[in-house]
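Encoded as structure tokens, the following chain is the form predicted alone, with no partner shown.
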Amino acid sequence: MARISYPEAKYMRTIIEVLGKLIDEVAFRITPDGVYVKAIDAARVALIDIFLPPTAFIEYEVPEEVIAGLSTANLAKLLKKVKKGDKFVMEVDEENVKIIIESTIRRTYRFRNLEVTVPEIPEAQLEFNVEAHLLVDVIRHAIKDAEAVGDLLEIEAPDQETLFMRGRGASITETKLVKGSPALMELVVKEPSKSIYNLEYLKYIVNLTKIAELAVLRFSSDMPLELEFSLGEGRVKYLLAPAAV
């Protein structure tokens, strides 16, 4: 049996909320090297890749690899009311998954360990022409502004100094970032690039901006967008195909 304990159940709730937008069932691959979750939506437009190392946990007893298969809807429901400081504990064997929320009281939930197939997703060998390190608040505001005018977000890096995020629809909103500003710490542009992405999928990851401070944004013209969020010692990568426009 494996037992892991994560110090902030709120972080786990946010991750499950994002996963629930893409898939109905999730497979946690729990290994001696860390916890891995990969999921791709039915349309194969968006991919999420999560890794939490053993050092991200306050307890990590994993003698051998196990898979915990769970309904994202059930998980989201039990995590709905967790508060800051609540611990998330998972105990897994071949038959069952036990979830324990530890706060001023201890709540225990037992689920059947579902046979959820771990998706075989080949590692994408993508070469990105633009890499930007920025505050997550910028991404959240750009997505919210873009939603107000339409269903597309255009991202452009015309040179080594500036990055634009524009909402396109009935009208246009524009967020301009300048390299070296507090919001855009680093910008590397191998060649000028511009691409457009569907907000329906981008808004799914807005919740991640609540639990991360920094993000790395990578893209090329008319190529997938990669957003990487740091979660303490772990990370979440979100890969989104360009919109067909």
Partner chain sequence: MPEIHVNPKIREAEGILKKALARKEVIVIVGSLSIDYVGRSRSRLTHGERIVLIKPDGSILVHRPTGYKPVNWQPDSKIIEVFTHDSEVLVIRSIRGKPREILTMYFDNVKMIYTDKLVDHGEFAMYIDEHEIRDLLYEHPEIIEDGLRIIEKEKPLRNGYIDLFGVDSRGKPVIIELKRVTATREAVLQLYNYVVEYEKTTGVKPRGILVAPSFSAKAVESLSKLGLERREISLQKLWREYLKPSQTPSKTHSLMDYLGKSGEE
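All values reported here derive from a predicted model rather than from experimental measurement. Positions refer to the first chain, counted from 1.
The next section is about a form of this same protein that is not shown, the form predicted together with the partner chain.
J.: Looking in the predicted complex, any heavy atom of N198 within 4.5 Å of the partner chain?
T.: It does: once the partner chain is placed as it appears in the predicted complex, N198 has a heavy atom within 4.5 Å of it.
J.: Since only the chain is shown here, I'm wondering whether G234 would be in contact with the partner chain in the predicted complex (any heavy atom pair within 4.5 Å).
T.: No, G234 stays farther than 4.5 Å from the partner chain in the predicted complex.
J.: Taking heavy atoms only, is A241 within 4.5 angstroms of the partner chain in the predicted complex?
T.: A241 belongs to the contact set for the partner chain.
J.: Wondering, does S71 line up within 4.5 Å of the partner chain in the predicted complex on heavy atoms?
T.: Yes, S71 sits close enough to the partner chain in the predicted complex that at least one of its heavy atoms falls within 4.5 Å.
J.: Only one of A215, L202, L47, L187 comes within 4.5 Å of the partner chain in the predicted complex by heavy atoms, so just point that one out.
T.: So the residue touching the partner chain in the predicted complex, by this definition, is L47.
J.: I40, A183, V66, V206: which sits within 4.5 Å of the partner chain in the predicted complex by any heavy atom?
T.: Flagged contact: I40.
J.: Using a 4.5 Å heavy atom cut-off, indicate which stretch of 155 to 163, 112 to 120, 83 to 91, 99 to 107 touches the partner chain in the predicted complex.
T.: Result for this chain: 112 to 120.
J.: Go through 208 to 229 residue by residue and record those having a heavy atom within 4.5 Å of the partner chain in the predicted complex; state none if no residue qualifies.
T.: Stretch hits, in order: D222, M223, P224.
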